[in-house]
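Consider the single chain below, provided in structure tokens and representing the form predicted on its own.
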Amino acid sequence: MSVDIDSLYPVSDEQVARFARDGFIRLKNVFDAETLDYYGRAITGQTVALNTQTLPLEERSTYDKAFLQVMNLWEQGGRPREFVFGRKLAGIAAALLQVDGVRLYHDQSLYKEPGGGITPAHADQYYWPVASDRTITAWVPLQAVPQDMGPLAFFAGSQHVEFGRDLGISDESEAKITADMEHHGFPIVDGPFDLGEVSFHLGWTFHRAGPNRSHDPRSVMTVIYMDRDMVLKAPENTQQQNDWERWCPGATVGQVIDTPLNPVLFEA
């Protein structure tokens, strides 16, 4: 079997400029079907096995209806660790961020069940105690994502907007951020993902996803990268305090986040 998670994917100057302008980019043919199947089966299997959500959909909060969520699968070893440590995604992340290297913040498997609800509008970096905007999430569907499955959608150019940065994922964030985006005229880019297509977005880019109206689960693996030289900032909310303790244990405020859980995954 031939799988490829380490070869470098060519990122053009035009793509880097588009990412800087829009705060996100979607790239075709990052992975082939064989690679996604090989790693996807292991990632999905571990997600289902490690999931702790037992309530039926109708009894869950809006956040919990959005997806089953398991973080840092790489700590389980095996294929998920191989995938997270792959150089291909990390190399793209470094190129788009225009930094010399990237280290891992954490990974996150997102499994949106059939009937799963919306992912409310939000910006990821609300949760992260990091001192700059040089953070990026790779959103890797493990299958094609047709429109009725709830693909990730982005408010293009919204990464510079400060309104809504103090809102976690909730009904409130969906209502207030969506209204503000519409007021400012930021277009929402929402469309199906082909097999092998991967999106990358900045930590402050506002985004959302629709419900899964299909009969199949939407299985997605995400890897969150930060600048190799990212510094820990003093937490500004409870979520950032929790993230510091869980994803950056032992890091010191004002110093580079260099811990065993935050290895450098790519250097130019």
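For every residue, the number given is its place in the sequence shown, counted from 1. Note that the structure is predicted; figures quoted are calculated from it, not measured.
The same protein also has a form predicted together with a small molecule, omitted here; what follows describes it.
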Worksheet item: Is there a non-hydrogen atom of residue 212 within 4.5 angstroms of a non-hydrogen atom of the small molecule in the predicted bound form?
Response: no
Worksheet item: Does the small molecule come within 4.5 Å of any heavy atom of residue 193 in the predicted bound form?
Response: no
Discussion item. How about residue 124 - does it come within 4.5 Å of the small molecule in the predicted bound form, if we only consider non-hydrogen atoms?
Written reply: yes
Practice prompt. Using a 4.5 Å heavy atom cut-off, state whether residue 47 contacts the small molecule in the predicted bound form.
Written response: no
Fill in: Segment assignment from 114-122, 160-168, 185-193, 72-80: heavy atom within 4.5 Å of the small molecule in the predicted bound form
114-122
Worksheet, complete the sentence: None of 130, 110, 97, 181 but one has a heavy atom within 4.5 Å of the small molecule in the predicted bound form; the exception is 110
Practice prompt. Work out which of 177, 152, 145, 92 lies within 4.5 Å of the small molecule in the predicted bound form, going by heavy atoms.
Written response: 152
